[in-house]
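Before any questions on how it binds or moves, here is one chain, the form predicted on its own, in structure tokens.
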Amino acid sequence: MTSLVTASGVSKHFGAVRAVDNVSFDIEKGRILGLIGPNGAGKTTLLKALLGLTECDGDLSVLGLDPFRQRKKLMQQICFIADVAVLPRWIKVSQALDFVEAIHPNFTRSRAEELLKQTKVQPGAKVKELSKGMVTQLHLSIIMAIDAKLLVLDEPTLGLDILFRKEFYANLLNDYFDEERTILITTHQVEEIENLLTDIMFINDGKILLDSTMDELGETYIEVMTSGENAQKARGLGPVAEAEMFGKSVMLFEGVSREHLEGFGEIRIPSVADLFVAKIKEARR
């Protein structure tokens, strides 16, 4: 596989605050990575470093380029959606297409217009006249009309209702993503993207807590719901987290084989949300 993003010892400090603290990771081509972390974890600072919006210590390469010193060249191969409010409210839809067509060499206007015809977004409408969901549709139509190697989505569906969120990700997968493109998503609605992801990364206090493929999660982490004497026996295997549910103990194990846990209770693969909560609590302890 080929790494589109390589980070080695990357740090960013704001005075005494370590927003990104000596992180190292690779993002491979043709993957969908979820970057998950609580507020203030360092997600936005890390994204800004990847996009060349802030300098950092360490070594960082994005598409083989230095994102800060070669940003103009890099942005010709990257698309980015932060919050839908970044579009000027006074601009018309057709003018937004004019602008992107003028500045982005890999934008195909006819493709964007074709995608917009599948929505209720009218070319003559101003952004301020569109609902938040329609602005997202406009954003996505523009993005999917750009031949980019890396798509960065920072809370792309924030504030949208569930129908728009489902449609957003369905369109992203069906009409945009392929093995030549890579997508990086940050979101607090991790349950909604769990089935889309090929890779997951947890960040907290600027440090990477977990960097794994989704397939590896099922091999590394196991949850057991148990009680009574079986719960005592299970605790002897050293769970990394334990919670109470319906009067039973739910224990999370890391690196313990399924065979060792058979017979203690109901065994299942933890959800990304449950694993995230357990990892954050473990780090804070």
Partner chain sequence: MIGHYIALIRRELWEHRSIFVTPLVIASIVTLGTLTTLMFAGEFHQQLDLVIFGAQNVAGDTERRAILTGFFVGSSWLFLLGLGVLTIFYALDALYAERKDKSILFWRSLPVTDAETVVSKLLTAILVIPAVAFAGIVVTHIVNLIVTSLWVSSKGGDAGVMIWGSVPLIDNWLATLVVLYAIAIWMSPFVGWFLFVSAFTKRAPLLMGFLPLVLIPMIEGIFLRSGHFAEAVWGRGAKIPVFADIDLERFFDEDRLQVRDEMVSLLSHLDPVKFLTSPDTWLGIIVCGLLVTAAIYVRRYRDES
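Residue numbers count along the first chain shown, from 1. Because the structure is a prediction, the values reported are computed rather than measured.
This next part talks about the form predicted together with the partner chain, which is not shown.
Q: Run the contact test on Lys12, Lys72 and Ala82 with a 4.5 Å heavy atom cut-off to the partner chain in the predicted bound form and return yes or no.
A: Checking in the predicted bound form: Lys12, Lys72 and Ala82 are all within 4.5 Å of the partner chain.
Q: Since exactly one of Leu65, Leu217, Leu53, Val240 fits, which has a heavy atom within 4.5 Å of the partner chain in the predicted bound form?
A: Partner contact (heavy atom, 4.5 Å) among the options: Leu53.
Q: Could you work out which of Ser131, Gln95, Ser212, Gln122 is the residue within 4.5 angstroms of the partner chain in the predicted bound form, going by heavy atoms?
A: Checking each option against the partner chain in the predicted bound form, the one that comes within 4.5 Å is Gln95.
Q: Although the partner chain is absent from this view, report whether Ile103 comes within 4.5 Å of it in the predicted bound form, heavy atoms only.
A: Contact with the partner chain, yes.
Q: For Lys48, is any heavy atom within 4.5 Å of the partner chain in the predicted bound form, or not?
A: Lys48 belongs to the contact set for the partner chain.
Q: Does any part of Leu173 reach within 4.5 Å of the partner chain in the predicted bound form? Heavy atoms only, please.
A: The answer is no: Leu173 has no heavy atom within 4.5 Å of the partner chain.
Q: When the contact criterion is heavy atoms within 4.5 Å, does Pro88 count as touching the partner chain in the predicted bound form?
A: Residue-level check for Pro88: yes, a contact with the partner chain.
Q: Which among 193 to 201, 173 to 181, 103 to 111, 158 to 166 is in contact with the partner chain in the predicted bound form, heavy atoms within 4.5 angstroms?
A: The contacting stretch is 103 to 111.
Q: For the stretch 198 to 226, which residues lie within 4.5 Å of the partner chain in the predicted bound form by non-hydrogen atom distance?
A: Residues within 4.5 Å: none in this stretch.
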